[in-house]
Structure formats: structure tokens, C-alpha cells
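Only one chain is included here, represented as C-alpha cells and corresponding to the form predicted on its own.
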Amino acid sequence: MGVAVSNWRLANAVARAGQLGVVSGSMLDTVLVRRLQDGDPGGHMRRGIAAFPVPEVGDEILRRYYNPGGRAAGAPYKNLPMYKQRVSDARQRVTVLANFVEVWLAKQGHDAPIGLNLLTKVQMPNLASLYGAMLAGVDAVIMGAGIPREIPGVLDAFADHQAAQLKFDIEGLPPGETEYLTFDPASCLSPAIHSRSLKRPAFIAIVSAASLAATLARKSNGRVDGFIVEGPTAGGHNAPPRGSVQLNERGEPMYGDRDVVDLAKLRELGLPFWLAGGFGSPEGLTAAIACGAAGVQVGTLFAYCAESGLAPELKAHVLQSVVDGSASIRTDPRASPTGYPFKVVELPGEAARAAARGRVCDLGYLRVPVRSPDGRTLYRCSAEPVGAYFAKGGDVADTIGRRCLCNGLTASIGQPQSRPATNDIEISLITSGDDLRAVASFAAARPGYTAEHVVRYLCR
């Protein structure tokens, strides 16, 4: 659910209603330091930081980023250094702490499980993110947008506070050469961390095909505990259609029979699965269970509830625009620098605002590592300035239509970056599932609805 839309408040509220509350782990390090720079209203970040088992880590980050009075109007946020294959321990500690704080806050005041969702495609922060969440006692790790075959082994290693590694995907790497991302809890934090007992969370992979589920179940380097089967009507990133990609009259990829998941084959694996994408209704839940699913994953209904991280004025604007017919959902094959189709909420004037935005890449979570002819590893993003992308060996054609997801999604939760040099403020980018019109009707009947309202509706 974007960046901190499914935040600790929402995950906590869903868990209190008796279901698995899930925290979105994307870019939590940036979200944490921006909350601190905004003065940490309510003191929740400082409360979570105080619970971190290595106090000096929190002290260091508070010194660097906490501004008791908040930012002055128009003042830019101080950004974190962008991730690379190797970053300082100090940079890793921000990510560890951010994931700990979000999960720790989500788990307060109840005994229900809390999960963490990460994107396999966003490789570089994932090890530190997983360890931080495990320090807070996360109950489940949910990952898609790639093939997360190595993650079960990482969870096993971190449960014993051991170092872990992931193969690092670098474009242009010579055959036979392998690079890794590594994270060692003892060297990054303190050997004393070993005294803290950690449980190994369940691992649930997001898949769009039974064949991928079978591969993960049989060939992962550790235990896989279940699957979320996500269809092309779900929000955020979608799997591309199988076979040759055809576009409809709106320029959206067209899905067909080959993209329908064979649930009979999935059931043969003997692992629980949940259905996602268009199942956010009592009828959807009933249909999913009739197909052998353990339940459903719901995003869009929760994204517009009172506890979600989406900026309140944007929630109201989107829902009203859906009602009056001026907003639509588009599966954009070009928007995401990842190359995956991405659902975008198109609002009045959205296209013009997006076209007028100056290209800036200063968060860098979707940068792709590339081996240059001289042997260096470069980092490029097809949404960065075109000249910079071309200078790193990129094809200019790859930059057409790309949107900066990092800055756009962060702006949608009320953390838009200010750029005094150009007198600009980042524009928001909102993602949502195809069932947004049904959400508008739901909201109209229940003004200011909460996560508990959603759970009661689904389970009635």
C-alpha cells in the first residue's frame, strides 16, 4: 500500500479488529526521519525509539534528525544518503530503527499478529529492514515484486542474529561473477544484541502464477509458509501479462486467460493462500474461501479509512472525484521505473502536473545497479534526469513516461519535498485498486469510516 499508507496506526487498528495488520515497509527510513523533522507530533516516533534495544542508535538518529519545533514553512527535508551496495553502518541503522519503530508501534495494545510487506525489487534496504522488524517481533513477512527465494534463509539466519546475504542483481555483470548484499547485526549494532531472543516470522510470498508458487515452495532456501495470489486488479505494481503484451484503447496492458492463476495446482502445494485484487467485499471473501483460500488480502478499502497514512485532504479529494466522475484508475505500463505495470489514480490536471515536474532523483530506492565498461557499479533510474540516465549507459527511450514513485508516494502521505531553488513542492502520486468506485460508495454511507468498519463489513 504505497509508502506508509498502511502505516503503524492502520496495522494496529486492523489487528485490534482481529485480523493480520500489515505494515508497508517501503522507504520507512525516509518516513521516520521526515516525521522527526516535522516535530514528531504525538511523540510516537520517540516512544518507539525509546523501546529500541540499543539506546545509542536512537540517540544518534534523534540528534541528527529530530526538530522539536518542526520545519519552517517551505523548508526542505534533510534527505538520507541514497542506498548503494555498501553503505555505512550509520545508514543501515536508520533502516533497522525505522522498521523496528513501525512494527513495535503496530504491535502495542493487543495480541494479534502484525506483518511487514516489502518489495523484492527494492533490494538494497531489505536486509536491514527485515532485521529491524524482527527485533520488534514481527509475526509475518510478505514479499512480492520479484522472486524472493532467498528470504526464508535470511529469516532463519536473523532469528539467530547471524549475518545474512542476498544475491545482488547487477545489470551487465560478467558471466560467472556474483555480487552480494550483506548485513551483520553484530557489526552494525552491537554484539550485545545476541542476548535478545528473536522468533522467526512466517514467510508469505506474493505470486501471480501457480508455477511461481511451486518454485518458491520447493526451491527456496528455507520454509515458505503460504502465498498471496495477487491479480491484475490490485493496486500498486502488477505482474505484466504473460506472452506478448497488447494495449487497450487507454494504453493499458490487457490480461487474458493465461494470467488466471490455476488455484487447483496451488491447492496441491498444501500451503495456505489468500486471494488479492478485487476480493474486498463479503462476496469476495465468500468466493475466495469457496476456492480453497484461507481468506483475502484487502488494500483499497483500508487505504481510505481514518487510520491510513494517506493525507486526509487527498482521501477526500480522491473519493469526491470518483463520485463526480472526474477521477479514474489506469494501469500505466510506463509509470514505474521498475518496468512493472503500476496502478495510478488519475485526477483532474494530473497529467499536466506530472509533465511539468522537473526530473529529480534524490531518494533513489528504485535505482538499478549497472556494471559500467570500466568495471564500476553505477546506479541509475529511468525516472531520473534524462541526461544523467543516458550518461550511465541508459537508453533514452526507457525514460519516456516514467514517474518518480519515491517522491510521489511520499508526497501522498503528507511529506512532499520542498525545493526552494525552483520554488517547487513535490506532487503526490496515488495508487489504488480497480475497485475504488465501490470504496467511494462505502465511504459515502459511512463518513469517516475506520478500519474496524471495514473488518466488520468484510466478515459480516
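Just count from 1 along the sequence shown to find any residue number. Predicted, not measured: the structure shown is a model, and the values here were computed from it.
Heads up, the form predicted in complex with a small molecule isn't pictured, but that's what we're talking about next.
Comment: the small molecule is not present in this chain, but in the predicted bound form one of 297, 208, 126, 382 has a heavy atom within 4.5 Å of it, namely 297.
Listed residues 333, 278, 137, 113 were compared with the small molecule in the predicted bound form; 278 is the one with a heavy atom within 4.5 Å. Proximity of residue 344 to the small molecule in the predicted bound form: non-hydrogen atoms within 4.5 Å are absent; the residue sits far from the partner. Remark: residue 433 counts among the residues lining the small molecule in the predicted bound form, judged by a heavy atom distance of 4.5 Å or less.
In the predicted bound form, the small molecule lies within 4.5 Å of some heavy atom of residue 117. Contact annotation: residue 220 falls outside 4.5 Å of the small molecule in the predicted bound form, judged by heavy atom distances. Annotated contact segment (heavy atom within 4.5 Å of the small molecule in the predicted bound form): 232-240, selected among 232-240, 163-171, 264-272, 87-95.
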